[in-house]
Structure formats: C-alpha cells, structure tokens
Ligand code: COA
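Below you will find one chain, with nothing else, as structure tokens; this is the form predicted on its own, and questions on how it binds or moves follow later.
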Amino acid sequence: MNATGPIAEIGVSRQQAVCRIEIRRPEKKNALTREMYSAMAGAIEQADADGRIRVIFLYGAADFFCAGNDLKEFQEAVDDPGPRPEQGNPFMRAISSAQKPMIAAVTGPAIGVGVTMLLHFDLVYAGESASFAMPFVNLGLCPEAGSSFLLPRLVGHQRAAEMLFLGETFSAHQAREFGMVNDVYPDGEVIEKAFSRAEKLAQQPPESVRLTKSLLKRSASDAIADTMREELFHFSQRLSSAECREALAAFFARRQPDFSSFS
C-alpha cells in the first residue's frame, strides 16, 4: 500500500512552520480507511522532508479524534486478509520514523489505533471530554503499532495489561495521570492550545530539536520496529480467526459476542 495524494477525508495544510493534518470523516467518527492511512503517511513523509516544516500537528474534525480502523474494512479482510505482514501500514512506518517532532490534539473519543498512534507522538494534549480505549482483544485481535512494547514501557505492565485485556474506556485525566497525555484543556480550546505548543516548538533551533528527538528514541528504536513486525504478523492472522469473525458479526448485529465455545 503506497502513499497516495490528498483525499477529502484528510486535510493537509502548512501554517507557518507547522504541517497541520486533520482527520475529516466525522460521519464515521473519523474511523480510518486504507486510503486515509496512505494519505496521512504521505503528508508526514513530505513534511519530514520539507525544510520549511519544523513540526507535524495532527488532530480530528468535530467531536472525535479517531474511532480506530474502519470495521467494514476489517470485515472484508476476514475473507481477504489484505497486506502481507512484511508490507505493513505506511502510516505506522511514518509516525515511528519521523525525524521532526509530532504533536497531537485529542478531542472526543480515541479508540484502537486512535490511541496507539499517540504512543509515537512527542507531545499529546487532550480535551476535557476526550476518552481512550484499546479494544483489540474484544475484537479477537491483538495490539498493534508497537503498543505491546510502548504502552507497558510508559504506564507499567499491570496497567497496560488491564487496558489491553479488557479494552475499557479511560478519561483524559486518567491518561494524563498515566503519562500518556501532557495536559488536559477545555474541549473548545484544546486544538488552539496544542497548536500554540506546536508554534512554540517550531521557534526552537530545528537541528537541535531533531537531534534531541533522535536521542530520546534511540534506545527503543530497534525494539519498536521488531515489535511492530511481530504484531503485524499476528494481527494479520487474527483477522481471519474464528474469534474475530464472531466479534465482528456481533458488532454489526449489535449483540454481545459469545466466546463460550472457544478454547
């Protein structure tokens, strides 16, 4: 899956030295499709290579940050597993390898990859009503985006296990307490406040900022890449599993999944 040009669901603009990337699919709670992943990957890669850009800023339209992957595409992938494990997701590669600092502003729910992507960002700010959940196991899947390495490293093993095993929702203030969010702002101010941090960061010496980011991530870079490869292999396998079939069928039928016969 190669990076593509701009699409309607992903807005990309330059404001002074900041590349703004907006997820624009509010009618689907900003759930991500393959095309959207590719468009965001292309925007990040271009911003990383553009000498005029010093900071990458991501946020969601309306009252949602990102509801995760489009489950319709997941349901289709039950019969057609999609990308081979070694191909991966271009957006994941882009956020894990970007040399320039990345800042996210979270408004409303962040679910699944809407949370795990944030583990790669350098600064994250959330609105008061933002919420977070990683229901991968609930869907018969497994963690992705390097989260099985990054999350316990950030919040501790027991807390990460609880988040991933049960997929329960937690608040913006809990996310800040866990160290996943830098600060929490009123809902109507979070994008503006977060962008002001991006502007301040863009005024810092750019080479010094890039070097500092590189040094901060240096010790974990190989482990993250290895974890993402391993996760992707298992995630691709899980998409065609009986547990995932049951979870998705239950989701679209609006019923509780029944895993009682599984061992």
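The first residue of the sequence shown is number 1, and the count goes up from there. What you see is a predicted model; the values in this text were computed from it and never measured.
Below: the form predicted together with this ligand, not depicted.
A.B. asks: Does any part of Asn69 reach within 4.5 Å of this ligand in the predicted complex? Heavy atoms only, please.
C.D. replies: Although this ligand is absent here, Asn69 would touch it in the predicted complex, with heavy atoms inside 4.5 Å.
A.B. asks: With the cut-off set at 4.5 Å between non-hydrogen atoms, does Lys217 touch this ligand in the predicted complex?
C.D. replies: Lys217: no, not in contact with this ligand in the predicted complex.
A.B. asks: Flag Glu27 as yes or no: does it have a non-hydrogen atom within 4.5 angstroms of any non-hydrogen atom of this ligand in the predicted complex?
C.D. replies: Because a heavy atom of Glu27 falls inside 4.5 Å of this ligand in the predicted complex, the answer is yes.
A.B. asks: Does this ligand get within 4.5 angstroms of any non-hydrogen atom of Gly140 in the predicted complex?
C.D. replies: Result no; Gly140 lies far from this ligand in the predicted complex.
A.B. asks: Please identify the residue among Ala98, Val124, Val184, Ile111 with any heavy atom within 4.5 Å of this ligand in the predicted complex.
C.D. replies: Contact residue from the list: Ile111.
A.B. asks: Taking this ligand in the predicted complex as the reference, which of Ala43, Ala202, Ala31, Ile224 has a non-hydrogen atom within 4.5 Å?
C.D. replies: It is Ala31.
A.B. asks: In the predicted complex, which of 190 to 198, 203 to 211, 46 to 54, 60 to 68 comes within 4.5 Å of this ligand (heavy atoms)?
C.D. replies: Result for this chain: 60 to 68.
A.B. asks: With the partner left out here, which residues of 145 to 163 have a non-hydrogen atom within 4.5 Å of this ligand in the predicted complex?
C.D. replies: Going through 145 to 163 in order - heavy atoms within 4.5 Å of this ligand in the predicted complex - there are no hits.
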